[in-house]
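Just one chain follows, in the form predicted on its own, and it is written as structure tokens.
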Amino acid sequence: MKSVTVKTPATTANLGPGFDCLGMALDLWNELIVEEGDFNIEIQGEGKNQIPNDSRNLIVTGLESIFTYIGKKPKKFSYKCKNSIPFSRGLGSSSAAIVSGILAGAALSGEDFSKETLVNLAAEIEGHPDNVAPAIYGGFTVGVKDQTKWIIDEVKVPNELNAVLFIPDFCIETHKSRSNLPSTYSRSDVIYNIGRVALLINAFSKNDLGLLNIATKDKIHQPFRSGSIPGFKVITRAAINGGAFGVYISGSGPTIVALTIGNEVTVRYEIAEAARLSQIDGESVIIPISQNGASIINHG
């Protein structure tokens, strides 16, 4: 195989209390074409002028991790990226790059890899599985580490579930956002989050999504990140008033996600109006949850 095309979804991580362990795939995709040839990276669409077009690109990191894993030296490849996932907005653009590279590398290596192996390689690069796991598996995933191995489990999601996103016009760097989080937490705050993670998983398991307004609350990261997102409180309130089940910061932000079934248009309108009245620039969009993860769509 001398060329491969990979399609990888956006993801929304944490879902409120599930810091670094919960994530969900969205029906918004990046496409990557990798071909044998002189090294070159061409980027179209989102992040065109921000993503590195040299060996620092996470697609290259992902691809090379496959060949390191099997003990082979990769050939020279050219990369063409067609990006629809907003860059550095909390929608898993870096994870999509890692996963795209890993899937492309796996195909070009000629070896067979399980999803379990792929997600472990991806999580080791990313440092946590909340985005890379749903990018590979699709749907809603829980990821935990058992000694040196990442364990991924899937949670059933209603097919009709949609995410209404408010994507502000500014970026937030994940590393900088993490540096603003406390190094220690009180026992009461940890208990607060443990209970809400359990309630969130149970809400999906029972299909009782009315519990999500409580279950998406959090004391580990959202209180410390929301201050950097203008209008977070007013947009969150507008989404709930419009009929959203739950609202949370996607990843490290600044995107805000409202989960809905059946009233997406109303929630989108309320969010957009709240942002307009608060003079906050951004885009309100409706994105279905994707039950599918990354895949090879063409090879040659």
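None of these values were measured; they are calculated from a predicted model. Residue numbers run from 1 along the displayed sequence.
Beyond what is shown, the protein has a form predicted together with a small molecule; the following relates to that form.
A single residue from the set Thr117, Ser109, Thr174, Asn193 has any heavy atom within 4.5 angstroms of the small molecule in the predicted bound form; that residue is Thr174. For the candidate set Lys75, Lys145, Lys206, Arg178, a heavy atom within 4.5 Å of the small molecule in the predicted bound form is found for exactly one residue, namely Arg178. Of the stretches 227-235, 249-257, 58-66, 266-274, only 249-257 has residues with a heavy atom within 4.5 Å of the small molecule in the predicted bound form.
Although the partner is absent here, Asp218 is not a contact residue: none of its heavy atoms lies within 4.5 angstroms of the small molecule in the predicted bound form. Taking non-hydrogen atoms only, Lys80 never approaches the small molecule to within 4.5 angstroms in the predicted bound form. For Ala13, a non-hydrogen atom is located within 4.5 Å of the small molecule in the predicted bound form, even though that partner is not displayed.
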